[in-house]
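One chain comes next, on its own, written as structure tokens: the form predicted alone.
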Amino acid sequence: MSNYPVVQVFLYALLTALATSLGALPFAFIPTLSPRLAAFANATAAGLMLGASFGLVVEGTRHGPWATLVGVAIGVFFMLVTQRIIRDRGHEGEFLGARGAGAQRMLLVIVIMTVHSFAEGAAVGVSFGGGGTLAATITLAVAIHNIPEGLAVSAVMRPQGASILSCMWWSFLSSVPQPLAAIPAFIFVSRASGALPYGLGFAAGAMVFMVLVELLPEAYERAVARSVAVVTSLTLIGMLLTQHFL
């Protein structure tokens, strides 16, 4: 077992979940979020997640390059199947006072964010197997990334009449799987060291999938492609430099 206590892993992952609720705060001051600002938020999250994924892959290859590659493939496949299952199922009922398309959009965003949270929580858990520096870097990346996720949840709830507190609560709930997934992921890689590169690769693959399929396409739809690319690149470089100096 690693020297890191389970409660420390849980608290790190809990902080990332709490950060999600901060995404609702801008709606206390502005009625709606401009498409351009939402795009830049997604671009920032994309750069951070790509940088975090790079750190996971680098650490994984130190323990087993082929195992890390297999883990990446499994992570991408897992997210692909999960996304398809969610989008193939509609919702015609009522959700938080909204009906029809509004209810379906809210539920879909919350469910997608919740499923994503399992992969992010696993990333925090397995990162402790690579040492305290990697764990701190991944936790920071996921926490910052979660703020735009909370923003995304609130952006579809607020126009439907949801209160700020409701937006914060549902944003937090969408990330509750993170501390829940972090513990078993940490225990598993701690007791089975051979599984560490698979776990690191899985988390990296899931993150890259989110960036390429969810974050960047939406950002490119809402803002000029060049601006999105610049923001993503700068945040990616910033995350890589953070990992290097930590």
Partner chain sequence: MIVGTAASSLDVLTLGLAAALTASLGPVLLVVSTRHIKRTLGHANALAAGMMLGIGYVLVTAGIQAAAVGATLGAALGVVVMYWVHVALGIGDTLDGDGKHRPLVAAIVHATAEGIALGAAAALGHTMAVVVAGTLALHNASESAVTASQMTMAPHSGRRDSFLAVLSNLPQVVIGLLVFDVATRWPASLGPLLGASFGAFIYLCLSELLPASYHGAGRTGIAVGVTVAAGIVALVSATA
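Positions refer to the first chain, counted from 1. Please read all numbers here as calculations on a predicted model, not as lab measurements.
Another form exists, predicted in complex with the partner chain; not displayed. Remarks below refer to it.
- Looking at Trp66, you'd find a heavy atom of it within 4.5 angstroms of the partner chain in the model of the complex.
- In the model of the complex, the partner chain sits within 4.5 Å of a heavy atom belonging to Leu241.
- The closest heavy atom approach of Thr232 to the partner chain in the model of the complex falls within 4.5 Å.
- Of the heavy atoms in Leu140, none are within 4.5 Å of the partner chain in the model of the complex.
- The partner is absent here; in the model of the complex, the one residue of Leu180, Val213, Ala28, Leu37 having a heavy atom within 4.5 Å of the partner chain is Val213.
- Shown without its partner, the chain has Phe54, Val57, Val58, Thr61, Pro65, Trp66, Leu69 in segment 35-70 as residues with a non-hydrogen atom within 4.5 angstroms of the partner chain in the model of the complex.
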